[in-house]
Structure formats: structure tokens, C-alpha cells
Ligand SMILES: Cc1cc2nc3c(=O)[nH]c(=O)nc-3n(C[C@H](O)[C@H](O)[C@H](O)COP(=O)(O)OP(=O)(O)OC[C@H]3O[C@@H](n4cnc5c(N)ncnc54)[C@H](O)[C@@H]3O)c2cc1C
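Let's start with one chain on its own, the form predicted on its own, as C-alpha cells.
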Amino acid sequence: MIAYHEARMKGGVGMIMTEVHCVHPTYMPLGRAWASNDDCLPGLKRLGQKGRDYGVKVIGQVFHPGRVAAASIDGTKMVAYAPSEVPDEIYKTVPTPLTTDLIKEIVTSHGDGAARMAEAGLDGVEIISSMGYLASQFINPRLNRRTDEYGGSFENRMRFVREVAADIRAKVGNDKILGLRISADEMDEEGLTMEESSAACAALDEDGVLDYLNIVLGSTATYTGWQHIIPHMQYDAGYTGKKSGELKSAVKRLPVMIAGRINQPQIAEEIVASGQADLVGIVRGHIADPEFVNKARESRTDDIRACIACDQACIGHRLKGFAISCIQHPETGRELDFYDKPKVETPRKVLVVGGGPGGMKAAAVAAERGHDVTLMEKAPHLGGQALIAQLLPGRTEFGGIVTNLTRECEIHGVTIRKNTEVTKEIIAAEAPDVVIMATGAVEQRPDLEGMDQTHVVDAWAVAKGTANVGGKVVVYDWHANWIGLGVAEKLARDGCSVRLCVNGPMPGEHLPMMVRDGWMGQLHKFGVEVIPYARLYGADDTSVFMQHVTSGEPIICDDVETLVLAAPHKREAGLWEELYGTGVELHLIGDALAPRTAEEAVLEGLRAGFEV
């Protein structure tokens, strides 16, 4: 974690917020940072010192989730504590109402955690009242149904957050920064509204205890609210600025920071220049490119590796319990192994075969380390399957991975040759010292009964717009990722009647939840019928036959004009097989090794760039 933050400090940021730190025993799960006892001091002291070394302010976040207690200590479901017994939609908790004694204890624990952060040398503390967490639950009249001093009137509902702020200020003094993070709009029916958040912020502004407000959107408690916590590429970049502008007009003294879906410096500049916010926080933009600020300061905006908001390796990893990373920049989360790229003593002639994301990353890294690198691609364009993914509805920005990796190759001097299908003879003529094979994968059709009788088209052709598709369509989605969802939406938008049969419990099973859930909403709008747990069994001229994956019973789709296949891909490893054992140093990466996603291909490209 220290190495992660240090990379961003080197990159020129002015201030860093830590991740949330738990402060009370009622929420102390595994996998979370905490500030509930003095054992946290050595690590926080190291982080604070790093900040001073680089002239960067470090702010620690103190946190309690209330009813949205998602994690666990030992695999059992935790008791969730909240102002009132109001269940949440996402985590399916029925919280236990807090006693007044426990409320006061949690207030004190916030102050104690903040005091430890101050002792460790951090520059300030941020109270987490955002995303439907405990403090916002007290403020929200739909979630706070108490009749004691902490519920009912606006003043009573504000009591918890005010007591937390006052306790922290008393314990850290006036020399430390104290801020509050709050969702301007929790973006769901039961969440805090803009009017309620604005009133709360105006009251806190008048109190004079805080030094700034940090504004985000969304709530972890509902499927709609989750969409806006880490908004994916279907939301416009910078759309959060309008909400921060509305809230900013309600306060007179406190500077306002805004974060969420800001991936370019010009978007940040526009938000500040328009008066929507005084400061801009950028999270995923710095996950994708730790040098974001330095590049902007040096007017190298074309060199910024802009976040494409896929959510796959950042929040996608976190929700699975793994360290965050980035599909474009797998160095993130692996800083100790890959951030510094040592120059080679003896440059080698490296040939990279295949210009998809994995091949481009391998070429860029090898060239950055000092090798003489040539990248050959048989198509007229670099990008591989990413060029197909960007054609689907709401996925245009996915093509940014191609733009960004192409730029990395250019910066580091990779020789790029397109329209070149590499053969054994070409490799012999080039005489490279090492060959990195990134030849990708292709679609394949399963050999099932009746497949020659029905009208079958492949998903890639549908995405490209080159397939002749009838009006009544069955999409068979073996992958349970973006392919089936995207093709189904595209066809539905084109006016087709679509049945999406997925080989799993749900479409998008392997996508980050907020991406999947938002996409399912789109399919519902367009009337796509979803059939889960379906295994393709066969077809005839008007029907597609599925088998339920657990019961084995038939699922029959009649009156079908076109079957669209998103079936398992086949790795393209023929050239590797020809060269294997001939004495040529070979590295096989990405889908050519095993068909997966762009994330694995880019990571293996990074590793290959280090190995050669």
C-alpha cells in the first residue's frame, strides 16, 4: 500500500486520501484497514512520512458502514448496526438498532481513530458520510426512524455527524485538516436527496468545525445507487460535476471537492473553472496512470493513460477480495515488482507477433527497458478484440485501451508493422533474439446436432454489423461476460426480438456488479428475455434446443430466425507450435496461451516485457 501511494506521490498529486479505516469493533472485518488500536501506528507513520518526503498532504478516512456491513470476520454474516431496523437491498442485512450508549461509543471511536492518525503524522482526517454509510443513515429520514435524541427532527438526525466532527476536532486540534465526504445525491428512491444533502452540508458549514467537503454520488445500499459510486463507461465523463455545483451553492465557507468519472485534466479544469467545485479528486484516473498530474502539468495530455471506466480490475478486484489493479496498467497494485523498469545491459532484438492489448503491452515494456522491438500485426489496425468490444452499445470508451497502448509503443520507440501476417519464414528472415507470441484467439462453432440446419451467425460479426440477422433471435452466451450482453442489447436496439440464453446463473456473471446490473437494466428496457442456466444442445431450421445445466431438462426456443453464438474461443497458437522446439526463444501470452480477457493479456505482456 505504501508503494501504491508513493507512485502517485511521485506522479505529482497534491493530496492523498487513504482508503477507509474502520474504527469500532462492531465493524472490524478481515481485509479492511483500521485505526481502532495503536497497532495501526507504524504503517500510518510510514505513509505520513512518505507524504512529507514528497510534499503531499495525506488525509486518513474514518469509517463505519452501519447497515451495509458487507464483509466478514470468519465467513459468517456479521451483525449490522444502524440507526433503525431498515433492511438494505444489496447485502440483505436486517440491522440491529443502535442503543444510545453504543452510538456514543462509536462517536468516541471515530475521534480516537482520528487521534491515532494525527499521532502518526497524517495531515488530516476525513469523516465518511457518503455512499449510504452510517453517518448518512442518521441524516436520512427514511432510514432513521428513531424517536430519541438521534432521530426525528433535522437537528436530531444531524446530531451523530456533528458529534463525530466535534470529537475529532477536540482530539486532533485545529492544526489538522478535517473534512467530510458525503454523497450529494444517493441516486435511489430511499437514499439522501440533493435537497437533504445540501441542507446537511449547509448546517455543517455554519458550524465552523470542518475544513472542506468531499462530494461523490451514489449509495452501496441499492442496485441503482451502486451504479454511481464507481460509474462505468456508460455514464458521461464528468457528469458528477453538475451535482457538486448544486451542492456547492448551498455552502458559503467550505471549499468543495468532487470525485467520480473524471479521467482527463480538461474535464477537471472545466469543473473548477465553471465553479462546480474548488478541488477535484481523481481515483481511477490515478489507478490507470500514476503520472496523470505530472503529464498534465507538463502539457503531455496525449500521453495520459486515460481510465476507460471498465471497473474490471479496480473495484472488480476489490469486490472479490483482491488488491486493486488496472487492465491497462497492471503495474498498479504490483508496484514493488513492476513499477520501476530496469534498463537492460545488453539490448536484444525482440519480435512481438500480434498487436492486441497483450502484444502492445509486451512491446512497450520491452522497448522501455532498452530492447530493439518490432511489433507485427496481420490486420490493418492494432487492437485485436478491443476493436470489436468498442462497437457495442455503451462500450465505445473501451477502445481507449487501444489508443493508450498504441501511444505507449510510440513513446518507447517500438517499430510497428501492420498488414503483416507473420510466418516461420518471416521470423527466420528477421532473425530475432526472442519472439513474444500474442496471436490471440478466434471464434469457433460447436459441433452440435442440427447446426447446419439453422441460420447461425457469430457474435463478432453482429458487433461489427456484418451479419445478416433475422427479426427473431436467440443469443447463446457461453462467456457470461460483456459479449452476450452487448450483442443482445445491440440487436434489441435494432428492433429484433431477443432471447438471451446464458450458460450460467445470470448474464454478466463475470463482470463487476455495477456494470452487470446497469446492463441488465438496459436489457429490461428493451424487452430482452433472459434464460439462465442454459447449455446449447442443438438446433433445427426454426428452433434452438438448450439443456438446463443442472436439471438436464430441455429448454426449447421455438420460432427462431437466427442463432447468435458467443461460444468458447479457440486460441491461435499454430505459429507457436511450428516454432516450439526449434531453438527460438519463445514467450506465449494472452489468448494465444489461453482465451481469457484483455486484463490477463496485458498483465502477461507486462511480465513478458520483463522476462526478455
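Just count from 1 along the sequence shown to find any residue number. Note that the structure is a prediction, hence the values are computed from the model and not measured.
Separately, the form predicted together with this ligand exists; it is not shown, and the next lines address it.
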query: Listed range touching this ligand, judged in the predicted bound form by heavy atoms within 4.5 Å, from 526 to 534, 291 to 299, 418 to 426, 242 to 250; finding: 418 to 426
query: is_contact(Lys10, this ligand) in the predicted bound form, heavy atom dist at most 4.5 Å; finding: no
query: Distance check, Ser129 to this ligand in the predicted bound form, heavy atom within 4.5 Å; finding: no
query: This ligand contact in the predicted bound form: Val256, any heavy atom under 4.5 Å; finding: no
query: Phe138 within 4.5 Å of this ligand in the predicted bound form, heavy atoms; finding: no
query: Residue (of Arg142, Lys349, Lys378, Arg493) lying close to this ligand in the predicted bound form, criterion heavy atoms within 4.5 Å; finding: Lys378
query: Candidate from Ile388, Met158, Val434, Val172 lying within 4.5 Å of this ligand in the predicted bound form - any heavy atom; finding: Ile388
query: Stretch 350 to 370: residues contacting this ligand in the predicted bound form, 4.5 Å heavy atom cut-off; finding: Val353, Gly354, Gly355, Gly356, Pro357, Gly358, Gly359
